[in-house]
Ligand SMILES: NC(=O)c1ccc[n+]([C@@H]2O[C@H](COP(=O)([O-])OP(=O)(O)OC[C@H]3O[C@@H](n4cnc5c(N)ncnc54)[C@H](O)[C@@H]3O)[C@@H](O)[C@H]2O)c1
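What follows is a single chain, given as structure tokens, in the form predicted on its own.
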Amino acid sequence: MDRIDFNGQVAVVTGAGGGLGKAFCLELARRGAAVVVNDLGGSTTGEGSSATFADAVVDEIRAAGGQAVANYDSVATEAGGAAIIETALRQFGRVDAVISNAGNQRNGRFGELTEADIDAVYNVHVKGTFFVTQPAYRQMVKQGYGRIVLVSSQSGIFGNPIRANYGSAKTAMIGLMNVIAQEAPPGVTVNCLFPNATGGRLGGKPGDVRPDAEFLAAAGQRSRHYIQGMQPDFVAAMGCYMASRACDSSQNMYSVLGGKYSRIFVGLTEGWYQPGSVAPAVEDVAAHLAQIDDRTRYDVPRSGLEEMDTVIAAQRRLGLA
């Protein structure tokens, strides 16, 4: 296969001051991209700011002969998101790829999360993704080319305890991807990455007693089998592919965990179809639940319209359409 490179391209990575974000930046730069390294430099829960993290990544890229510029704006405001993309346009003249990776965590039991805990996480993960990708998307549409990679989470698709705010915010990435993909013109793609890696800056509140200690212990017991595959570089390989010219399709969801690369998809069972204009009784639904649940045959709709088509297909199977 031909070498995947980013020569002549400009990439923006948010939350790039360490862990996965740093790994994305280094790999993009190594392959020829000019990189905007965005990091607010705050705490893992979102407070404060510092130029230290972004500057260190930029220095490392430049020392290796690459092109990079730091940006310290917050993704959590519309002005901040616009400023991040404006940095790419001002410094390098275009934006070809965005990896929306900025994040924070305020972990806690579902019944104990405060409004502040919910807002802080939603502002970064949900609003922040909107505020960065919107101005980038507009530029990509003008150019006729662009790659958007939304960094979601295992917590957002499969769920992990003590992360109701974080997990639900990360699930929003899937819905956003599905809509952008249907609106985007040819040449602009959007996909979701579900990474797992060690060395990140995310964590709980300082002084937490870690109410998820049981989950962490269970995860630790499993990770000893694949800990060597948990370095950020393993995720960067997939993330940079998704940000490259080689990735020319949208609505793909890929997981990277412990050296294993997998496709995630949302399936719709063939289910049970009730013809006619009379709604079934509750008992009818219960009686057909095994058929509704049967995963032997399924569809993978890529839009609401395609789900509608599965109803027409059910009618045809019964000779009704």
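Throughout, we count residues from 1 along the sequence that is shown. Quick caveat, the model's predicted, so the values are computed rather than measured.
As for the form predicted in complex with the ligand, it is not shown, yet the points below apply to it.
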| property | result |
| --- | --- |
| Distance check, residue 20 to the ligand in the predicted bound form, heavy atom within 4.5 Å | yes |
| Contact of residue 271 with the ligand in the predicted bound form (heavy atom, 4.5 Å) | no |
| Residue contact check: residue 131 to the ligand in the predicted bound form, 4.5 Å heavy atom | no |
| Residue 247, heavy atom within 4.5 angstroms of the ligand in the predicted bound form | no |
| Interface residue in the predicted bound form among 189, 74, 178, 165, criterion: non-hydrogen atom within 4.5 angstroms of the ligand | 74 |
| Listed residue that, although the ligand is not shown, lies within 4.5 Å of it in the predicted bound form (heavy atoms), from 196, 139, 87, 251 | 196 |
| Candidate stretches 238-246, 181-189, 75-83, 213-221, one within 4.5 Å of the ligand in the predicted bound form by heavy atom | 75-83 |
| Residues from 129-154 in contact with the ligand (non-hydrogen atom within 4.5 Å) in the predicted bound form | 151, 152, 153 |
